[in-house]
Ligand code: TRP
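The chain that follows stands alone, in the form predicted on its own, written as structure tokens.
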Amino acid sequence: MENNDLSKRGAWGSKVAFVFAAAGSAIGLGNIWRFPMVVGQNGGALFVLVYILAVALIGFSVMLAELVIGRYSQRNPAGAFEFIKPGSLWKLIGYFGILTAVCILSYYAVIAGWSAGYLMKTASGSFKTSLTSELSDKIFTEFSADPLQAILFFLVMIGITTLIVSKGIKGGIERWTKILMPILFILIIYLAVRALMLPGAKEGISFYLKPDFSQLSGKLILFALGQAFFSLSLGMGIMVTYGSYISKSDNLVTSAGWVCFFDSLIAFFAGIIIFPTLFAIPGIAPAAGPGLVFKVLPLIFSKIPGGILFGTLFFSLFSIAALTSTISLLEVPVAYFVDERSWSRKKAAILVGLFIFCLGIPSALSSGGMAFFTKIDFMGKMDFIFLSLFLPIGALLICVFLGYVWGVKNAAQEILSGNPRFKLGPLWSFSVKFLSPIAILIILYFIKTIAE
């Protein structure tokens, strides 16, 4: 289906609007929750250094590839590949990305709901000075296992996301990311400064920023590569979709660069918040694992001066970061129905939102809410299949398509629109055709290691 009417389809009002929206998409649970966790489990500062190199060398290349495909076609993921190679099976890459975005959102919004629930718990003073690690663990277990609370907060996050996306690009996504992203940056800077003032902060910063090169290993490089890739949320059609709303006069190279920069900056500051806070109470290991945010941090907030305010602001940050990602995930299937099926944006957002809510109920019930879904670890399986497996496969297919089917030279012509001096062209070409695919294949080969 041909659809080049951007007045109906929507477009970003400015480059800043795109960067805020795309950075908001990349900034999410992967930065605030998973990044400090894997840093803590992999030795600290050296992991951070390798991660930054992986973002610069590989993440940037794949992101630019997705943006080019989106802007050139000015279509959703399925329509983009059909536009470039009409009548071929390559359009299945687009459908693959849409499916991935829908399924990830179905359980991602459940965790986003947990963050909203913990925001209310922290603000109401549920985590008092008498809190123990056993009690903190019990509070989270009971909260996540309560089917009514889990589904209610999940519904709230899906509802807010659907409302924003239904308002369109300028009136919805652009308007709200312009509000949410500055708040997110203000909160994270304040919390980082506050964390640096805690007792034990010096030890935390030393662990986080002083590399020990003796810890360099294949496993560390692999985990850093995987985290850089997953953090940018590539391979699910988001950047193809967001790229399709970019003006032809905008510089795609600097746009991709700014998104990677802000994503890495937030992840970096998340570590600045987490590790001084962790070291504020002796005896808590930085490698606390997945329970770090919901089990360990409330315990710390209950012990430090101003902990209720500190904790409330942290979970506000956590909720906003999650929301900016759920918005971008929902936009992927909504753009498909607007472009390819000529649905109104409001109809597409509401119907897709309802479908994703229904799809996510098993995930909401898999932490104790219903024995069957808990026993099979439904949410864990969804996370492994779609985040750990489908994302790298999607990005690999995009690299193969751009590098060997459409051709780097054709893509470079689109990049030159808005950037007549594409000096990084040869390096980007090498990365898309060789370096990034090889790195992704390594991730896929060792996928079980990354998932553990």
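Heads up: residue numbers just count along the shown sequence, starting at 1. Note that the structure is a prediction, hence the values are computed from the model and not measured.
Below: the form predicted in complex with the named molecule, not depicted.
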Out of 231, 319, 277, 161, which one falls within 4.5 Å of the named molecule in the predicted bound form, going by heavy atoms? 231
Only one of 28, 59, 70, 394 comes within 4.5 Å of the named molecule in the predicted bound form by heavy atoms, so just point that one out. 28
Would residue 329 sit within 4.5 Å of the named molecule in the predicted bound form, counting heavy atoms only? yes
Residue 325 within 4.5 Å of the named molecule in the predicted bound form, heavy atoms: yes
According to a 4.5 angstroms non-hydrogen atom cut-off, is residue 157 in contact with the named molecule in the predicted bound form? no
Contact test in the predicted bound form: residue 236 vs the named molecule, heavy atoms, 4.5 Å: yes
The named molecule isn't shown here, but in the predicted bound form, which of 372 to 380, 145 to 153, 338 to 346, 223 to 231 has heavy atoms within 4.5 Å of it? 223 to 231
Residues from 98 to 116 in contact with the named molecule (non-hydrogen atom within 4.5 Å) in the predicted bound form: 108
